[in-house]
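In the block that follows, a single chain appears as structure tokens, in the form predicted alone.
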């Protein structure tokens, strides 16, 4: 491609949700002026715009905000700082050389050449097609996020008698939202023996409204030709196979699917970034740099978070790291892999760069447990020797665990071949 037609920028950020905005603010605070943020929606703010319930910002702002309120603070901050945020722009491609192709009604086809790229595209919902549920292709089947957008942004009620499959946070929140709008939510059905949502949402969205939660159950049939008329739910065994004779029939006109979120990583894969089979996001180091120098990833495109506060904190770090990269401040050291041990799924970062004898800044490691654990220890070992142990009252797959490895623990890893994070019943000898 002819370089004379390219628009040169120091940092290009893909996505203007909470991750992209936080990364942009951080990069600006660290001295980057030549920066552009591209957002395919017509408004910045990402998914927060339709999350009108409260509970956001408790960690970051020390007060309870709705999703739009949280997003608006970053939108206002970016505007105040003079950050170039362009909405209605779809990014078509990101290359290994950090060439970004985008298209929009306002600017047409544009090609950017960036010194650093921050990927902050967020995530999407897993669709019905991934579930292989028997039944007709009738109307009345929505992902929970789509139903949330209809109700909260467009003023449209998807239905009046509803069953929810999956107990992710969006599904739990929509159980309450539909109830408050006058619909009858008959049940929330979860395949696993535990909920995949936060405990506070189980209490506030289901128990407070007497909505039953059926654990170890799934939908085995959908009835209806033009519109959903009912669903059949059955109990599943330890292999998640329906148990004959355990069926329950629900007469309803709507089925909402809250069956997981997937990082929106087509652009990441197209750039040739090394990916994780566990998180479905990029493999990154402790500065959130991917396998391609100068390309960074943060937020839900990296791994699905449960709190937007954590998304913002992670993205502030990515923005600073991208700014440092542009300024020639290179994060050096020997790469030590961080691996999932017993009970742990999806550690991020997957590598930590450690320079022997250097002063190490604390490194945050985030992951999810593979099931529910009570009164267990999160243990970090370097080549089998415990360097960190923290007792947790409860670890659940629905809530992200976050540990901070301080300088002393990192110094003990300088010569290690690997770092392993696990959940153990007993505290190891240190």
Partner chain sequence: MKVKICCRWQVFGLKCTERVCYNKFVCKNTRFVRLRTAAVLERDEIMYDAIIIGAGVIGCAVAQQLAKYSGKIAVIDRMEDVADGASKANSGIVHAGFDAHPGTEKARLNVKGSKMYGKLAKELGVPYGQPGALVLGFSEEDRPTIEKLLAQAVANDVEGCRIIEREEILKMEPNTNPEVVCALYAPTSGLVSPYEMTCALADSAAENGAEFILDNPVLEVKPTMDGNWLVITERDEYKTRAVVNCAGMGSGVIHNMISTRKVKMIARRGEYYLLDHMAEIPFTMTMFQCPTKMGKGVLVSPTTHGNTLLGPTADDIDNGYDVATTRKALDTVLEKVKLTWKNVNLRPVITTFSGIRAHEENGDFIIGEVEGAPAGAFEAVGVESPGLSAAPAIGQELGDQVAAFLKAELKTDWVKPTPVPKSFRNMTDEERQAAYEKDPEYGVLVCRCEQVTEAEIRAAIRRPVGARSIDAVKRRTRAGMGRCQGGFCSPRVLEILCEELGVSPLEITKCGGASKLLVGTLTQIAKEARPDEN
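Residue numbers count along the first chain shown, from 1. All of these numbers come straight from a predicted model, not from anything done at the bench.
Absent from the display: the form predicted in complex with its partner chain. The rest refers to it.
Participant: Can you check whether residue 101 is within 4.5 Å of its partner chain in the predicted complex, heavy atom basis?
Facilitator: Close contact exists here: in the predicted complex, residue 101 approaches its partner chain to within 4.5 Å, heavy atoms only.
Participant: Quick one: is residue 80 in contact with its partner chain in the predicted complex, heavy atoms, 4.5 Å cut-off?
Facilitator: No, residue 80 stays farther than 4.5 Å from its partner chain in the predicted complex.
Participant: Answer for residue 341 alone: is it within 4.5 Å of its partner chain in the predicted complex, judged on heavy atom distances?
Facilitator: No, no contact at 4.5 Å.
Participant: Considering only heavy atoms, tell me if residue 234 and its partner chain come within 4.5 Å of each other in the predicted complex.
Facilitator: Although its partner chain is absent here, residue 234 would stay clear of it in the predicted complex, with no heavy atoms inside 4.5 Å.
Participant: Within 4.5 Å of its partner chain in the predicted complex, counting heavy atoms only, one of 293-301, 277-285, 244-252, 200-208 shows up; tell me which.
Facilitator: Going through the listed ranges, the match is 277-285.
Participant: Find the only residue in 348, 185, 123, 259 having a heavy atom within 4.5 Å of its partner chain in the predicted complex.
Facilitator: Looking at the other structure, the residue within range turns out to be 123.
Participant: Exactly one of 334, 160, 86, 327 has a non-hydrogen atom within 4.5 Å of its partner chain in the predicted complex; which residue is it?
Facilitator: The option sitting close enough to the partner is 160.
Participant: So which residues in 254-282, when you check its partner chain in the predicted complex, have a heavy atom no farther than 4.5 Å from it?
Facilitator: Contacts from 254-282: 264, 266, 269, 277, 280.
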